[in-house]
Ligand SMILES: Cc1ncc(COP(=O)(O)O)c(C=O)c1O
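In the form predicted alone, a lone chain appears below as structure tokens.
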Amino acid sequence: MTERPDLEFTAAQMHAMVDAVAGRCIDHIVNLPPQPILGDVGAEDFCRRMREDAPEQGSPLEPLLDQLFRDYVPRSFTTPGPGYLAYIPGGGVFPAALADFIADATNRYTGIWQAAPALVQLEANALDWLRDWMGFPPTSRGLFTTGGSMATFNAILCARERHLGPDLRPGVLYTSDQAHHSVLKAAKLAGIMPDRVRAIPCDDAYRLPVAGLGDAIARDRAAGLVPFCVVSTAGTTNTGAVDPLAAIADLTASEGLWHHVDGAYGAFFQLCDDTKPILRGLSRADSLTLDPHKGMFLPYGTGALLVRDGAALRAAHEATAGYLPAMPHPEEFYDPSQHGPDLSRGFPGLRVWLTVKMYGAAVFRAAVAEKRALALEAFRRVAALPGIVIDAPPDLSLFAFHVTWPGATLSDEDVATRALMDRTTRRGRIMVSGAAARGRYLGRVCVLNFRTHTAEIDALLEDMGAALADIREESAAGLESQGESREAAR
């Protein structure tokens, strides 16, 4: 008879392990400010040495924690750090970590309502809070996802089912050439091939032009195709631009198209009085992508979708099987498996529910407003630096710019702007990133980390100013050297 394996731990052992893990995590959070903002991510050889077979015997926890916190975690971007102004920051508030621990430790099944009705109701409450904040009607239903990409996929699936049915090939989807790359991926996953996705060239403000959109729809109708969906953006990743949502809503309503808004970055600015007008029209969307791991500062892996007509979301996902409960639950109650693709799932809504319950909505409104104010301050101060040209002022909390000087070519400017981003980051306190848009390379600053405050904006200006001075000095020396070479050649 084989020995019975014992996977249980005693209460004392579990207390000790929880204390050890919590201690490491809290020390990590407390010591975030002085940590290098850019870890050793050039770690190819190190990663090759990490490869190993599965161990036959187990190991104590402490040595594993040593490896994680000493060797592995530092080899990454310090995304939760206050100086992280690159890409679209998040942060990872601590109550969400507690929620994940509770969800994993209790391990209750929330895929169907009948299995955990009270827990599923907590998730439904959290979705309703998002619905109300975004101004969607009570008929809306939602879904927590791993991020904006899966939210957008499910939205396009709803649009496809509503407007195309089984005949997918004639269907055409429209978006901006500044849209997140997940739109094209989501369309392909939903059966809309790349040749049926129209990336409309943006206008001078990096926004989706309504006139160009209308012309594209008319051309496709004339060609016998079936326009069915427009994906607009409430805060693009490249420049932070907000598309003219209200005008697009007018157009899609008149044309009978589904309007999906990608609000992964910007939708939570709907909470602020001074940015809500910039997002006018957002609440009219047929569906909306949200990323609580951005605008609510939750950990990565927290996305959400809202669909105005909840029946459309259910119609796209509703299914049953012989092994599922035979008695349907009351229609008034939310069932995750009937509104999304997953049957086996974790408990993602607990992150949002516990965090909002502990902080309260007012704290989120204040925090988002602070990020907006910090971004405006950073924008004014960066714009005042010599040689900086602002390409996209902040609609929300992201702005874009490039470096120039008399006689500089576009190639010169691109090289200098890349150098500015790299040198600012390599000073170790602030991480910034750039993007290619409309044929040039742009530097970017995005303020959305809940730990970012005035001190980090000061550090940004100090480090960027110093890096810019070095670049300008080197450029001047290079021009002088070129002049001397030309003179010597005469």
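In this text, residue numbers run from 1 along the sequence as written. As the structure is a prediction and not an experimental result, all values here were calculated from the model.
Beyond the structure shown, there is the form predicted together with this ligand, which is absent from this document and is the topic of what follows.
Looking at this ligand in the model of the complex, residues N125, L305 and G340 place no heavy atom within 4.5 Å of it.
Though this ligand is absent from this view, in the model of the complex it lies within 4.5 Å of a heavy atom of just one residue from S176, T237, N154, T110, which is T237.
Only one of G92, G147, G346, G310 comes within 4.5 Å of this ligand in the model of the complex through a heavy atom, and that residue is G147.
At least one heavy atom of H180 is located within 4.5 Å of this ligand in the model of the complex. At a distance threshold of 4.5 angstroms between non-hydrogen atoms, D243 is out of contact with this ligand in the model of the complex. Among residues of the shown chain, Y265 is one whose heavy atoms approach this ligand to within 4.5 Å in the model of the complex. When contacts are judged by a 4.5 Å heavy atom cut-off, R131 does not count as touching this ligand in the model of the complex.
In summary, the region of this chain contacting this ligand in the model of the complex, judged by heavy atoms within 4.5 Å and restricted to 286 to 294, 215 to 223, 158 to 166, 199 to 207, corresponds to 286 to 294.
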